[in-house]
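One chain comes next, on its own, written as structure tokens: the form predicted on its own.
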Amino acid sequence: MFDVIVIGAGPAGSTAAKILAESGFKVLLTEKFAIPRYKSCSGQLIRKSIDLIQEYYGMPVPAYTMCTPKGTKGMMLTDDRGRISCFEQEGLNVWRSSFDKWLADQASLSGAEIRDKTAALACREQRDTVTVMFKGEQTCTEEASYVIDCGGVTGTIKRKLLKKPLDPIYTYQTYNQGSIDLDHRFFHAFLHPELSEYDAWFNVKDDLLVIGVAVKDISKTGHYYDRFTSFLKENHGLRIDKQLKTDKWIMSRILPGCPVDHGMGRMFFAGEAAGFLNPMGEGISAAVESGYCIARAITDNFDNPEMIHAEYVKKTETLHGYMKRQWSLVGEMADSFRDMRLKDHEERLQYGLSV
């Protein structure tokens, strides 16, 4: 019998497990992939992520998780009219496999039990406990007072609870040897609707050129990728000498108003599973912060599930507001995201947006 079972050993799950375990709770942290796990991700840590890691983990992000260029300068965003905006901010460039493993190691050092290659198949809530069925080396069940699902958009539990098919954004990116006339220290995002159905991007990891597109219709991936590479060749001198690797992934489709699902009863969601995701797929800061918030809500109100839920909602109000503001700003910059603009006069004032 565990106090809390945390599903998913990404930034949200590892942070929640660490905080709970070091507070004296018996915690099981599970991950369906082998650790270190690989995730298709830019691996760009913004200043907020770096500060949260220092605050919650009590130490900086270790150098061995990073790739070159180690220090990043922020984002160069080209909107759907070709206008370029520079959002300059010092950050870090990490490989998610190394970074996520370090986070999980900290949870383990704090006392959490970790099981990788263990997929959560189903949950059943009873009066005082939740039973989770897992499939790993063998099928088994575990019980806990609470469950936190941090399995992201690919997680089985959330999808079963929703009882509806996924409607995600599909991402595709390649790692290439070559050259380009773009500053390697920036993450470059392009919102031209002719280049993708969501966004297209370029960044560098260990001297490899990472080129990606996001689409709503997976059958159009090749079409948009070819358009984007042609655009980079014509406008930024892209030369690809050799393609070394391809990545495919899915991420949540964020809806207007940025609705989030904190969970109910004795089951809670954090990170992308809850709907916390910032523009351009920046989910690390939101994952770490929401994982911390649900862990603190549980530690402070362990015997009262309703109070946990209320406290979790309250603790994530600032995070949710930040997310709304970021999406609304993108909506102001690009007509392709106009549905994400905040329309309520009071909300716009609250988040410092023009009215």
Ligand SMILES: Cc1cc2nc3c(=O)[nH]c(=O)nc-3n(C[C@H](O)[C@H](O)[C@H](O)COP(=O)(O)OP(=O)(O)OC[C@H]3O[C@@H](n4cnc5c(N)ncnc54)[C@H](O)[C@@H]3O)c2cc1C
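The first residue of the shown sequence is 1; numbering continues from there. None of these values were measured; they are calculated from a predicted model.
FYI, the form predicted in complex with the named molecule isn't displayed, but the following is about it.
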| query | finding |
| --- | --- |
| Answer range among 188-196, 151-159, 234-242, 221-229 for contact with the named molecule, defined in the predicted complex as heavy atoms within 4.5 Å | 151-159 |
| 4.5 Å heavy atom contact, Ala200 and the named molecule in the predicted complex | no |
| Contact label in the predicted complex: Ala287 to the named molecule, heavy atom within 4.5 Å | yes |
| Residue contact check: Gly283 to the named molecule in the predicted complex, 4.5 Å heavy atom | yes |
| Contact of Arg253 with the named molecule in the predicted complex (heavy atom, 4.5 Å) | no |
| Sole residue of Val260, Ile211, Met75, Ala120 within 4.5 Å of the named molecule in the predicted complex, by heavy atom | Ala120 |
| Contact residue in the predicted complex, from Ser328, Thr30, Thr316, Thr65 (heavy atom within 4.5 Å of the named molecule) | Thr30 |
| Residues in 89-114 with any heavy atom within 4.5 Å of the named molecule in the predicted complex | Arg96, Asp100 |
